[in-house]
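Take a look at this single chain in structure tokens; it is the form predicted alone.
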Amino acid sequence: MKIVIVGGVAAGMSAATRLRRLSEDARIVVLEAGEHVSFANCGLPYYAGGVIEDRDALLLQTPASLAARFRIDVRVRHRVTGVDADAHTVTVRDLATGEESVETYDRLVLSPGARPIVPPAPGMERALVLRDVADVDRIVAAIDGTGTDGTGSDGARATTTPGRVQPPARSAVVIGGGFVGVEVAENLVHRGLDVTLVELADQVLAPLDPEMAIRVQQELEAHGVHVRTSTQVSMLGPDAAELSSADGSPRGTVPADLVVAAIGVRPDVELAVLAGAQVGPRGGILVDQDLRTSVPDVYAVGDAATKRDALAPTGSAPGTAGDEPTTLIPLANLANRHGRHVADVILGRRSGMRPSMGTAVVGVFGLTAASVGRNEKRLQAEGRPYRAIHTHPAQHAGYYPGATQMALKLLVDPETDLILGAQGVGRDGVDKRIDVLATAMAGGLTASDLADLELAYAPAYGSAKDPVNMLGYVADNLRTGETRSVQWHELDTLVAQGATVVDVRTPGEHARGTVEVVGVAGGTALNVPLDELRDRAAAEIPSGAPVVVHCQVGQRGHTAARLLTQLGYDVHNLDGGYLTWRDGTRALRAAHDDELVPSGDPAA
């Protein structure tokens, strides 16, 4: 059997090497348009920032090493320009010589990846992108002032003025506040550049909800990054970027010796269309659960292909070559899984690619942000019921030196108690908890089941009640009705309906910052410390209206809610306590303030 693979990075090369491990007789040809194969594209921002010092460390394999170890015919700088599915052939252009040839196949695997999105604005031809090694070379050259001319990864964009040596960059604009954007911004700061991060949405890191994402934004700002949300680049000059709001209103000019477009990517479906394969509503190559396209003997894997959506709501319209809803998740972990799976399918070893949940993590100046599954915004958009749970535990025992606080969020189906998604932000231990939660979701555990997980514990690594267990305790209390909660963004509505807000923390904590209550004398919650609640409740807390209690993170609030419930009050606990309310209102204010930035004040 002859298998031709188009694309030699994560999914394509995983497929090629797995095929060889399973079949010594297979003929395997890999055609890659770029200069490198099997490189660590997730490490590119860190090489640009000097964190990874050795460029060669990014190059995991070469055509020569793959030929020697796996007997794979790998051809770089060879672009596939046509597919004849009936004849089972592809047309290939050697980019070095310009010569074209025809390659036959028994099975064709399309792994072309995705193309960077560059906004259509005047002057944007000088923006750089970051998808491969050649791209990062251009960025490093621009930072160091060693570049003269070149083209972007789409083969067309000029990166500097041809023939003119550019001075070292002192300022940069990063367009896009997603995972890659914040990584690039951080690494450009490491290189000493003055960095502005421009994001059209009203927050960075769209997979997170605003009360979680605001912590990342504040971390960026604390390290000197000028974060401009609800903003776009309307024009690029030689060394500056003009900004505007979504409706085109001017929002100032910022210095921009270097511009990196990190908005996101679009699946590269050109060859799939040429082959006659179906493309999904969101642009990916439609594949079934075994990565087959709608064309016989043609498969698609990696960023270009759709993924089965593990969390699609019941009754969703199908969007695959089979009968299940799909999604697009351009992540390296999934790409490598695709490559392994398609090799097994081609050789008849297994079927049924597991649906995807989109687990992701990013580091920002020592802060970790991670997520899996749905966020609250998407659940609201889908019209799905859910429970939200916020906690703020330490990553290990509080009495052990070095304990730092995390923010965790769990989203739960109120009918089935199944986990719909989770998010975490903190200095340490976040990735561990999100990985546990992703595994629980994959295994079909309910949120309440988290309470009984047996997780590794020692003071330096966790707590006797691990943060994951604590999420399970809260979920079980809500499931059984033992506690009722209210979210930070729902508080004003309850107050407008007559609820009394009670802060059960100490007077000192209350004085350092408390929940603001609109329409109440003094504008803050009533302060009745938990240890005095039994004695003071009857005299100070009205009994004829709902009561919302809050503490710092929610735990004392739960105790207060249980006490007042048993005293006859109608009680809700403010989920996640004061810290979650504070983060949520900061996110709202940050989005509002950025909308009001005067056009003549780029640093505001």
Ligand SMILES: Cc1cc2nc3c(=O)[nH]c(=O)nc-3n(C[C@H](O)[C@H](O)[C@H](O)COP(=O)(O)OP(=O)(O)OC[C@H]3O[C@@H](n4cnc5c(N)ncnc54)[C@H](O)[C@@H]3O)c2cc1C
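The first residue of the sequence shown is number 1, and the count goes up from there. Quick caveat, the model's predicted, so the values are computed rather than measured.
There is also a form predicted in complex with this ligand; it is not shown, and the following applies to it.
A.B. asks: What I'd like checked is whether Gly123, Val195 and Ser234 together line this ligand in the predicted complex, meaning each has a non-hydrogen atom within 4.5 Å of it.
C.D. replies: No, none of the three is in contact.
A.B. asks: Find out whether any non-hydrogen atom of Leu60 is located within 4.5 angstroms of this ligand in the predicted complex, and reply yes or no.
C.D. replies: Answer no; every heavy atom of Leu60 is more than 4.5 Å from this ligand in the predicted complex.
A.B. asks: So in the predicted complex, does any heavy atom of Gly113 sit within 4.5 Å of this ligand?
C.D. replies: Close contact exists here: in the predicted complex, Gly113 approaches this ligand to within 4.5 Å, heavy atoms only.
A.B. asks: How about Asn333: is it within 4.5 Å of this ligand in the predicted complex, going by heavy atoms?
C.D. replies: It does: once this ligand is placed as it appears in the predicted complex, Asn333 has a heavy atom within 4.5 Å of it.
A.B. asks: May I ask you to state whether Ile28 is within 4.5 Å of this ligand in the predicted complex, using heavy atom distances?
C.D. replies: No, Ile28 sits far enough from this ligand in the predicted complex that none of its heavy atoms falls within 4.5 Å.
A.B. asks: Look at the stretches 570-578, 555-563, 66-74, 41-49 and give the one with heavy atoms within 4.5 Å of this ligand in the predicted complex.
C.D. replies: Answer to the contact question: 41-49.
A.B. asks: Consider the chain as shown here, without its partner, and state which of Glu219, Asp288, Asp268, Glu186 has a heavy atom within 4.5 Å of this ligand in the predicted complex.
C.D. replies: Residue within 4.5 Å of the partner: Asp268.
A.B. asks: Between Leu130, Ala370, Val298, Ala388, only one gets a heavy atom within 4.5 angstroms of this ligand in the predicted complex; which residue is that?
C.D. replies: Of the candidates Leu130, Ala370, Val298, Ala388, Leu130 is the one lying within 4.5 Å of this ligand in the predicted complex.
A.B. asks: Using the arrangement in the predicted complex, list in sequence order the residues of 72-91 with any heavy atom within 4.5 angstroms of this ligand.
C.D. replies: His78, Arg79, Val80, in sequence order.
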